[in-house]
Structure formats: C-alpha cells, structure tokens
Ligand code: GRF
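Next up: just one chain, as structure tokens, the form predicted alone.
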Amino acid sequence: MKIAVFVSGRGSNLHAILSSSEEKKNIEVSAVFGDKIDCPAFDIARRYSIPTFSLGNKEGCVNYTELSGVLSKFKIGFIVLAGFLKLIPKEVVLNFDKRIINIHPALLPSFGGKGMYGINVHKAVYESSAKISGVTVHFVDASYDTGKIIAQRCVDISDVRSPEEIAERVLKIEHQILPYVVGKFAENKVRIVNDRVVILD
C-alpha cells in the first residue's frame, strides 16, 4: 500500500511508521507533505530517500489545488496525517473517502477541534484535571477531529505535574498505535460494521 504522510513538526510519528515492522511488510511511504517550506520532518524523509513537498502558495510549493495531481502521480492509495495542522481540501477528502486517517493526542470527542493541537491539547487536559488521557486515530472528514474513531489507547495521568508530562506519556503511545492502525489498513482488516469501526485480528 503506497501511502503519503502529512506533517507539520519534527516528524516523530513519521519516524515511527518508517521504523515499524509494518513499513517493511505491507506499506511504502511514497511521499511526505508538509505545511512549511522546510518542515523539520523532511530531514527524516530525506534519510529514507522519500520525496518531500511543501504545501502552500509560496514559490516552490505545491498549492492545494495541485495536490490531487501529485497524489495521483505517486499512485498514493492512503493518506496519514501525522501532526498535520491544516484542513485537507474537500476534493481530496472525497477522493480518498475512508482512506485518510489522523492521529490526535487526546481521547476524542473531548479536547478536539480547531486550535486543539500539540501542547494546546495537553494544557486543556491538564487544566480539566482529567485523570486519563490518550490517543485517538480517526477518519478525516471536512472539519477538525470529527471523523469516526478507528482506535484509541489510554494512559494514566493522575500523577502528572505539568502538560509537558502528559505530552511525553501520550507521545509514547502515539508511536505504538499509528503504525499498528496503518498496518491493519494495509492488511484490509478495518471494517465499518453497524456504523462502528472494527479492527479485525
């Protein structure tokens, strides 16, 4: 399965996918897209000789109206948002129906929506005095963090003293769950049954 990974930051989830056993068996990261001219995650992609593309309207970028053509050129069959902060164009969402997923650093539907990314999420979780947090992998639709939930994992945060501690614990399970879910899609083991997403063994 040829996948594109969309990133905005340093790319730790991209690295988790590339270093996973799933990447060696069933998937191929064929392109990496970022929302900055030189996204830090591009350094990881270059180490693996993966083509990188900056998205935007500046010179040297792929603008969003050209995105579908680039995805088609690389024969991309699946898209993974790994810390990507922009909305995906509706045309791409429609063309990749149930083939775009996102990872969110909290337990949706709580602590999601516009502006809820990175440390902003963990600050909101911390200030709520929640005792657990976690990770959600979900389908992408036309708005932020509202697609059907595919998988979640929890982590105990009852003893944390800062949002940064939450971020550290959550990131560890992000690196576990994202390659796992991508691998299940590659094996065609994700289904929607009775309007709920099911992952088969």
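Note that the coordinates shown come from a computational prediction; the quantities given were computed from them, not determined experimentally. Counting begins at 1, following the sequence as shown.
As for the form predicted together with the named molecule, it is not shown, yet the points below apply to it.
Between the named molecule and the residues Ile79, Ala82, Val125, Leu71, the one pair within 4.5 Å by heavy atoms in the model of the complex involves Ala82. Only one listed stretch (125-133, 71-79, 101-109, 87-95) carries heavy atoms within 4.5 Å of the named molecule in the model of the complex, and that stretch is 101-109. Taking the partner from the other structure, the named molecule in the model of the complex has a heavy atom within 4.5 Å of a heavy atom of Leu171. Remark: Ser20 does not count among the residues lining the named molecule in the model of the complex, judged by a heavy atom distance of 4.5 Å or less. The closest non-hydrogen atom of Arg10 lies within 4.5 Å of the named molecule in the model of the complex. Contacts to the named molecule in the model of the complex (heavy atom within 4.5 Å) from stretch 123-155: none.
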